[in-house]
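Below you will find one chain, with nothing else, as structure tokens; this is the form predicted alone, and questions on how it binds or moves follow later.
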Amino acid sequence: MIGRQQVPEELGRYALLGIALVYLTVLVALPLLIVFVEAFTRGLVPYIASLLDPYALAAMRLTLLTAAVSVPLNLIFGIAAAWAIAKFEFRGKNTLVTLIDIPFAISPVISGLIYVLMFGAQGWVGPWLIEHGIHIIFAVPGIILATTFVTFPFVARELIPLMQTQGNDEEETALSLGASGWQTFRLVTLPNIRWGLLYGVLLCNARAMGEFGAVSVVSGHIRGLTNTLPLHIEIMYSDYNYVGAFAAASILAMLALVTLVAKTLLELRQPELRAGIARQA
């Protein structure tokens, strides 16, 4: 009887595994494969030429610049917010947690539109900015602002459950032994959260480089000036330059694969990080 019961259970496990593999193959593996096949469909030389196109290089530089500014800003904010929420009790704590989740709750296009309404030519402060020669919308500052807004929850949401799980015992011990607040953070708190911090930064950077909706609204699609790599891909595809579009897309795909591998390594590296992520989910 026991053997007969085990057979349906095993069949059920294999069926669920098969469904999962088919689902991932159709939705993830095949699209990635198609990207690389289409990118190299005319050979290596056209592929390299597409990546060395001045507009493609400008899009890559702007994408890297945007990530280089937005990720450190979100790193600082994430650490400060997680520290305050996990280590202290204060009025408005639940409100702060809710505000952190706002970018997850609204469409990126809406977030980009918010910045247009604030800083655009007909926005709340747009006329004053234009009068003083400050350009935010349809310029690099607007792209950085929109990307920062869309990505700012990632670091905080990884650190908050991790810090809450660890508690305050080690920090309180360090303070009782005469350590300053900065020494306690640098020598006690930071080493304990380093893997969760790297995990959050990794996800934040991946989203910053691949963001499309919010950036599309505020960029103006000016070739060579305000087009990030995702916007450049859209323009190339609309112009029927499929090799150029898929060549640029292959760069983002490779970044996604690197992010996936690094994410897996970080999860395996720190057991408490995995527990914190499970708690957050």
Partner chain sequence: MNEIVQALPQPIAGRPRPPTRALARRDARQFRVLPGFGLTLGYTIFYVSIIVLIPLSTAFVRSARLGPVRFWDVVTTSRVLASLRLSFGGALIAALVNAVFGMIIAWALTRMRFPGRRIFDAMIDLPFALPTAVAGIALTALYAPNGWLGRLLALAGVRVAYTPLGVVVAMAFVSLPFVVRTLQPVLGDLDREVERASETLGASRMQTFRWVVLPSIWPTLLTGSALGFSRALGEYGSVIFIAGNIPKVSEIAPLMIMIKLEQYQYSEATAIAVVMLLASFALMFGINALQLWAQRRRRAR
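Heads up, when I say rigid core I mean the largest set of C-alphas that superpose within 1.5 Å between the two forms. Residue numbers count along the first chain shown, from 1. Remember, it's a predicted structure, so these values are computed and weren't measured experimentally.
Keep in mind the form predicted in complex with the partner chain is missing from the figure; the text below concerns it.
Although the partner is absent here, residue 43 is not a contact residue: none of its heavy atoms lies within 4.5 angstroms of the partner chain in the model of the complex.
Though the partner is left out of this view, residue 194 does not reach within 4.5 Å of the partner chain in the model of the complex, counting heavy atoms only.
Contact check for residue 166: every heavy atom lies farther than 4.5 Å from the partner chain in the model of the complex.
Under a 4.5 angstroms non-hydrogen atom cutoff, the partner chain in the model of the complex has residue 260 among its neighbouring residues.
Of the residues given (32, 57, 64, 49), 32 alone sits with a heavy atom within 4.5 Å of the partner chain in the model of the complex. Residues of 136-173 lying near the partner chain in the model of the complex, listed in sequence order, are 145, 148, 149, 152, 154, 168, 171, 172, the criterion being any heavy atom within 4.5 Å. Core-superposed comparison between the shown form and the other one: the C-alpha position of residue 257 differs by less than 2 Å.
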